[in-house]
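Each of the two blocks below gives one form of the same protein chain as structure tokens; they are labelled structure 1 and structure 2.
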Structure 1
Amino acid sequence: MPKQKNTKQKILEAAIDLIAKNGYRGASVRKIAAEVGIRESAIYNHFKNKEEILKEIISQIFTTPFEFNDLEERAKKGKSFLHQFVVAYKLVSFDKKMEKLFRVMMIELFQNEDLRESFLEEFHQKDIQQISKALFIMMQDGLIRSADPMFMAQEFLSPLFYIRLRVSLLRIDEKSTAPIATQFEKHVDFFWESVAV
């Protein structure tokens, strides 16, 4: 028997659908409540305002694809760890719902200071710090050359973000994403060759 979704999950899913369809401004709290089938006031039991709903959605978009409970064990696998990370990132990048939200987020980043801070915290602080820890472990194990692990993490993640942006731009114009579909994996190969001992 499938697990029942709680109200907070239903609100988030309704908001994702409405934002993807109508943009952030077109997804009012009233419309989200109607989509879920609850009173507008009931949303405020779960979220302070619409911006908090958006922040929650954005945090899901840029959350690290892995749960890093076993970071040290995963990192010791070197290239395999990076490949697993990139495959998860690629799946998120090609997910149509997430891709639409990525577009909305890119527009909102230029208009919303709180969202910019949240994005930098989620993308920069969380992901880059986690990847830099993994790279540091690889350095200690002699899998990759010694260097600044934070800078290496930025060098690893930045092209992934760019490829994800290209996926969105191609989809906006309804062009094929097939030519760039393998670039995620090629990036791992290129990066690994440049850092491996």
Structure 2
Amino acid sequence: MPKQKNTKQKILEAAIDLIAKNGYRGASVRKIAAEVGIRESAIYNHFKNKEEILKEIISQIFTTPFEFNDLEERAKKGKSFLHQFVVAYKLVSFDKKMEKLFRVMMIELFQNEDLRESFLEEFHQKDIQQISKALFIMMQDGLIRSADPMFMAQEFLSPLFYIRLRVSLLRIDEKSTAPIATQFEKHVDFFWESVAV
């Protein structure tokens, strides 16, 4: 089934584009079909209804991108681990596909309960857990001062989220992100200075 998958994929991509611009309600089946180059009725050969399209998109959002399998070893390096993490975070922030999915997430977050739960449990929690694990190791090794690792992880991550949000907003209007792009790295410096022993 190579052709079917192709059309289904096209529908999903068109839907992501349109939802990222106008939200779920603004992305009508008509417009999605038009963008793909088929009729509305053809959509229903690939998805039961409009909501199924959204559900499949939402599942794409939370394919957690930041996972280090050798976390313990990396954490021993202290600041350079955090730096690596932020470089990966920055890359995702500027990746076109991921940026669109981020917009979809932010738009629908307040209107879709499933998405809210995934946000709090996956998006939020998974990063927190990974960073807090690393910070805990750094505390044991005496690299950073002692504190609640979970809370410290949130202090580390929330400025990154805010920068990402602003990057996303600026790029919608095609404004320059140059002054903001360096803030990712500046944050690591500031944070390390804040917690290093």
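Structure 1 provides the reference sequence; residues are numbered from 1 along it. Here the structure is a predicted model, which is why all the values come from computation and not from measurement. So that the term is clear: the rigid core is the largest set of C-alpha atoms that superpose within 1.5 Å between two forms.
Shown first, as structure 1, is the form predicted on its own. The rigid-core alignment places the CA of I137 less than 2 Å apart between structures 1 and 2. Annotation for V188: C-alpha shift under 2 angstroms between structures 1 and 2, rigid core superposed. With the core held fixed, the Cα of T177 is displaced between structures 1 and 2 by less than 2 Å. Note on I32: its Cα is shifted 8.8 Å between structures 1 and 2, core used for superposition.
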